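As structure tokens, the next two blocks hold two forms of the same chain, structure 1 and structure 2.
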Structure 1
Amino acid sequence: MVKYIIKRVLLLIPAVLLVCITVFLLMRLIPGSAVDAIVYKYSSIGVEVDEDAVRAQLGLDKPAAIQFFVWFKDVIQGNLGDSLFQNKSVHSILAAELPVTFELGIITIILSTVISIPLGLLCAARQDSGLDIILRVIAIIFLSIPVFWIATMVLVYPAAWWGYAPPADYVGFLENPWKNLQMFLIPALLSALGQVGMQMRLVRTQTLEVMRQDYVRTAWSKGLNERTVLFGYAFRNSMIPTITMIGGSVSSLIGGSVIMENLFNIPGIGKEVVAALSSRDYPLVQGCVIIFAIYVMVINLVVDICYKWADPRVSLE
């Protein structure tokens, strides 16, 4: 197991390298480059700057390959460059914001799993009953409703009707855990909704699939009660595709968290990346994307390890 984890972590390195190349290529394709942004920034406060000088200062006058290696050397050393507009290094900005985004992501995953798996099992155990139909309809509704729409309404109407609004200022978890959680719970719950719909349906179909297997029939005919059959025999087997799905959904979950952070004013990377894209702060965007990619990779690694727990047949080699 330890050997496997070490191997996987080492395999992350070429993956990060490839992500860096992809991000670098994407950013070089930009028509309006960083130079334009800087020239625009200074000309708006009345200072004329020489375009070529800026280009030389940023190292953009060299060939793309050399640019890449210079940039990549910095990235390896943890230096993601300086923000064009904030007078801070990208590293320091992201270091402050990563825990916030990470917390939101983890709470979302936990909430969606905790809600969807019991409900999915319940649906499967009581197939075609009234409860099953109601829960399935709710799942389909969750799947179809755009998250940002429901979030906008949740943000505005309760504030008007009951005077409730989530706290506007971010408080660290260690300072005041309750206030911190209060800020995260509603956005996390909202961005978990779509996930809940999808996972619930998957858990249901998978459990039904497993329930048709021979070994479950054997368990029934042995006279075991429902609880034992459902949790002892069916549950873990039906979890295998669900875990795969949770892993696959992390990247779409980040899309949701970008929206949530912007709506609920949570100071995370998702909020930063939208602001950086609007102001064309390219080093910051690059940093955000790389951090997000590593985030996805790490969560995928954790999911793969969970896979082993659910399915001992999987060889980790």
Structure 2
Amino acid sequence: MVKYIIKRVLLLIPAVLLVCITVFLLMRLIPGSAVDAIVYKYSSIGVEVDEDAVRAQLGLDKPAAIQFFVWFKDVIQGNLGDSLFQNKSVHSILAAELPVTFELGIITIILSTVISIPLGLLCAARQDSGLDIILRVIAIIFLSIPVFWIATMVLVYPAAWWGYAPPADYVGFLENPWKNLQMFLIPALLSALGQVGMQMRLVRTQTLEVMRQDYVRTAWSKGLNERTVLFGYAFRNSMIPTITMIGGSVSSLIGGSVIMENLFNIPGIGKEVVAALSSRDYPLVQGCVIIFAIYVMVINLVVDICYKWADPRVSLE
């Protein structure tokens, strides 16, 4: 396994290089530029700005290839650059806002996993019963309704009927855990709905498939109780697809939070990236995408290792 991990870590190098080239090119292909955004910002308050001077100050007057190699050299040294509009380093912005996004994502993953796996096992144990049918219908509803629409309704109707709105001011967990959870629980639960629908159906399907195997029938014939058969035999051997889906959810933890962060005014990195894209803040967008890419690659490696833990028969070599 050590050789496999080293090999995967080494493969990160060309993957990160490819990500750097791609995001650099795509940012330059978007209509408009950071210079246009800066000129517009100052002209809107009646200040005249020399476009050529701004372009030279930002280093955008050089050929694109030179710009890339200058930026990539800094990235290799651990310097992601400075935001063009916030007078802060990209590193400091990520350090302040990534924990917020991770908190939202972690709560979402915990809720979706805690809800979906027991319900999926319950549906498998009570196949084609009334409860199974009702839960499957609910799962399909969760998958069908856009989460942004549900979130909008949750914001609009409680405010109109009861005058309630989720807290809009961020409070750190260590500062006030209860107020912090008040801000995160509702968007995390809404984000988890779609994942609950998918994971519950997957757990049910995979568990039913395993329960038809001969060794499970043998376990039943030995007189083992339902809980032992369900958790000790059926679920354990159906975990590979479930781990894959949960791993995919964890990988999209950052990008999937963009909608909720904007709707619920959560100061996370997803909201920051949307603002940076609209203002063409090249260093901030590029730095965030690199961190996102490395994060996804590491999560995929962890998922592969979890395969080995869930099923010792899996070979990683």
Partner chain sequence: MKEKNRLRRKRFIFFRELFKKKTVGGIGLAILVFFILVAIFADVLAPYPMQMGVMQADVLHSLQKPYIFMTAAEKQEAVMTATSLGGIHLLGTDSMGRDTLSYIIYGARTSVILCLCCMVLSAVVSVIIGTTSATVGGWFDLVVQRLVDSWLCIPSMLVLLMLMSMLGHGMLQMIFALSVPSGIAGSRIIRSATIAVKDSGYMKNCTLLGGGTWWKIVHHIIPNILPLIITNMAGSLGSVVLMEASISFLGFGVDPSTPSWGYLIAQEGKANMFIAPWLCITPGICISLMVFGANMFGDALRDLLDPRLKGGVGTFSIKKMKKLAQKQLKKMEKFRAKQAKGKVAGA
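Between two forms, the rigid core is the largest collection of C-alphas that superpose within 1.5 Å. These numbers come from a predicted model, not from an experiment. Here, residue number means position along structure 1's sequence, counting from 1.
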{"item": "Pair member that is the form predicted in complex with its partner chain", "value": "1"}
{"item": "Rigid core superposition, V49 Cα moves 2 angstroms or more between structure 1 and structure 2", "value": "yes"}
{"item": "Core-aligned CA displacement of G130 at least 2 Å between structure 1 and structure 2", "value": "no"}
{"item": "Large Cα move at L263 between structure 1 and structure 2, threshold 2 Å, rigid core", "value": "no"}
{"item": "Core-aligned CA shift between structure 1 and structure 2 for I66 (Å)", "value": "4.6"}
